[in-house]
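Okay, so here's just one chain, in structure tokens, the form predicted alone.
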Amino acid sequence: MAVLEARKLTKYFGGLAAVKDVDFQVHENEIFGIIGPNGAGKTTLFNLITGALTPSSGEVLYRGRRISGLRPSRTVKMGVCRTHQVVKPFHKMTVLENVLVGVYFGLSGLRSPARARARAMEILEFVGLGERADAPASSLTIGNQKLLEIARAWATQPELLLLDEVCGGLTPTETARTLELMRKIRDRGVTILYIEHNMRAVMGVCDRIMVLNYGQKIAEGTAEEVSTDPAVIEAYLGKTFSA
């Protein structure tokens, strides 16, 4: 059984189909990438999966159970959590307090402050922010705020983690650090769905990739397969791209 499956997933805004008849499956412990031009429907797809939007038609299944139309608070409790393209830390809270939100709200059900704090610190050490635990979230660099976004989402203990452009705007060193973190999280048993505009990043870390254009799937396969697909080259990559 697939961890995640979309069946003819469609979302209209007025007469515009932001996502149309999209089918795909994500398998256990896979890093599955989603790429496409601006306006291709990638973030709309994330919103449909996590419950921020309700499909016009079609459905989303998580471990065989229909979740399309459920509130985000419900999907998080089922083991599905996401980050956002534009980082959204709680600026007036510390780095540790941000992660504690995820710990308390997620699947662990921890209510003991000492145990919750220990869990949050474990996560911060894992992502490389342990030394900044008591710093205000607003004081972090963009690169570290993106790490905090991942840490807070992972703190909910998801089995499916959706990452929205976590390498956008990062330096090559920060990008390499983030991709390695993604691999380590996957190695902890988490399946990852990953939107990214940084093509080197997505091609280097994903097991399989789906390409969207004008809301429709135009290709799916390995990095090598999609990077040599004529439709993908024409719509997105360009003739000069080389994986």
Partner chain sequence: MIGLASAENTPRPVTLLLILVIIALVSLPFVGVNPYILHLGFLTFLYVSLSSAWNILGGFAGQVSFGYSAFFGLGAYATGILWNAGVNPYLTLPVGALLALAFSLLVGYPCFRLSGPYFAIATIGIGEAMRVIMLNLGDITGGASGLTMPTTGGFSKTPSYLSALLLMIAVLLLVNYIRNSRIGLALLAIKEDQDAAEALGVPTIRYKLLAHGLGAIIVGIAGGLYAQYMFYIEPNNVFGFNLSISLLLMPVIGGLATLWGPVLGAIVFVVIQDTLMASFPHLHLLTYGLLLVVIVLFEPDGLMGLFGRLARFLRSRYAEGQARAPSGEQSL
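Keep in mind the model is a prediction, meaning the values are calculated, not measured. Positions refer to the first chain, counted from 1.
In what follows, reference is made to the form predicted together with its partner chain, a form of this protein that is not presented.
Though the partner is left out of this view, residue 124 does not reach within 4.5 Å of its partner chain in the predicted complex, counting heavy atoms only. Within 4.5 Å of any heavy atom of its partner chain in the predicted complex lies no heavy atom of residue 128.
For the chain shown alone, residue 158 is not a contact residue for its partner chain in the predicted complex, no non-hydrogen atom being within 4.5 angstroms. At the 4.5 Å threshold, heavy atoms of residue 81 reach its partner chain in the predicted complex.
Per the 4.5 Å heavy atom criterion, its partner chain in the predicted complex is contacted by stretch 66-74, the sole one of 180-188, 26-34, 204-212, 66-74.
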